[in-house]
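Presented below, as structure tokens, is a lone chain in the form predicted on its own.
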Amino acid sequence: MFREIPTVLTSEELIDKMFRRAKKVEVGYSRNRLAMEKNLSIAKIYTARDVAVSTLERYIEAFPYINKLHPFYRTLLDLLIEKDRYKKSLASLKWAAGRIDSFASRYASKIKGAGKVEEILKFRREFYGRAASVIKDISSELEYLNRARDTIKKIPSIDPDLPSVVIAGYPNVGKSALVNRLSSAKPEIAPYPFTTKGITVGHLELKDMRIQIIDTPGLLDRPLERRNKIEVQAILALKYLADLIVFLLDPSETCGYSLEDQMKLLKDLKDNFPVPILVVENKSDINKSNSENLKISAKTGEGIDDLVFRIKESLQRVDK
């Protein structure tokens, strides 16, 4: 949803757009020059107003209203932008749109009552000058919102209303292979703040349920104590999204991490995420422990049906 935020024009670009459109306006010929100039000037003023106001209102509409967002998105936005500055900038755009609209009505009224062509042209120039001045007044706000747009676009487009399963575990335990195995179509890469790889989002299509499967490379793959404060908050935003965490263990330790370290990470997640955690051992094709954990092979497909059953069962309990 954040991909649809348009590029925000600079004040100079918006003023230029406004005047270019107004310059192209034409009206029907009339032998009464005074009446013709009135019609032309009012049409130009209203065109300039419409361009400026509609552009500003499109920005206001396109940028997310923070308080109405899902907590997952709200948490990330709080980390990524200056919330007070963001609200102030959008309020400034609303103020500017209102001022320009008010000026247009006022000067159109003056032109209607003008008795000379010179007066009409003077009023038109005054409107242009005042409208341009208002846009220049919000120059810094337009620039800030364009920077904010680039930042907001780093937030992943995930449906927070779908049941969501987050896959966690150390690197190389088979998380991406599992997401590919579970997904009914090819998973997509979505950007995520504070990780260069982004996250992988797939979907498991069942008869009566559509489930979002999310792999989080660079996020839930090492203890939180190794992160800075902002990274931790960005990671913990996932608690608003995850209905279930599938924690993948590699008992063969071919991932490069000891089972002891993997269990410490599991404890870390249990301490910080108030959602059900399903512990699953991967790579059953090369190693099977004596534990009671569900054993699968994302590579061969062994145990995947059982895993899907348990995921569905757990999510149905969450719904209740």
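What you see is a predicted model; the values in this text were computed from it and never measured. Note that residue numbering begins at 1 and tracks the sequence as displayed.
Keep in mind that the form predicted in complex with a small molecule is missing from the display, and what follows is about it.
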Would you classify residue 174 as touching the small molecule in the model of the complex, given a 4.5 Å non-hydrogen atom cut-off?
yes
At the 4.5 Å heavy atom threshold, is residue 72 in contact with the small molecule in the model of the complex?
no
Is residue 298 a contact residue for the small molecule in the model of the complex, using a 4.5 Å heavy atom cut-off?
yes
In the model of the complex, residue 283 touching the small molecule (heavy atom, 4.5 Å)
yes
If we test each of 170, 144, 194, 128 for a heavy atom within 4.5 Å of the small molecule in the model of the complex, the one that passes is 170
Out of the stretches listed (47 to 55, 262 to 270, 32 to 40, 285 to 293), which one is close to the small molecule in the model of the complex, meaning heavy atoms within 4.5 Å?
285 to 293
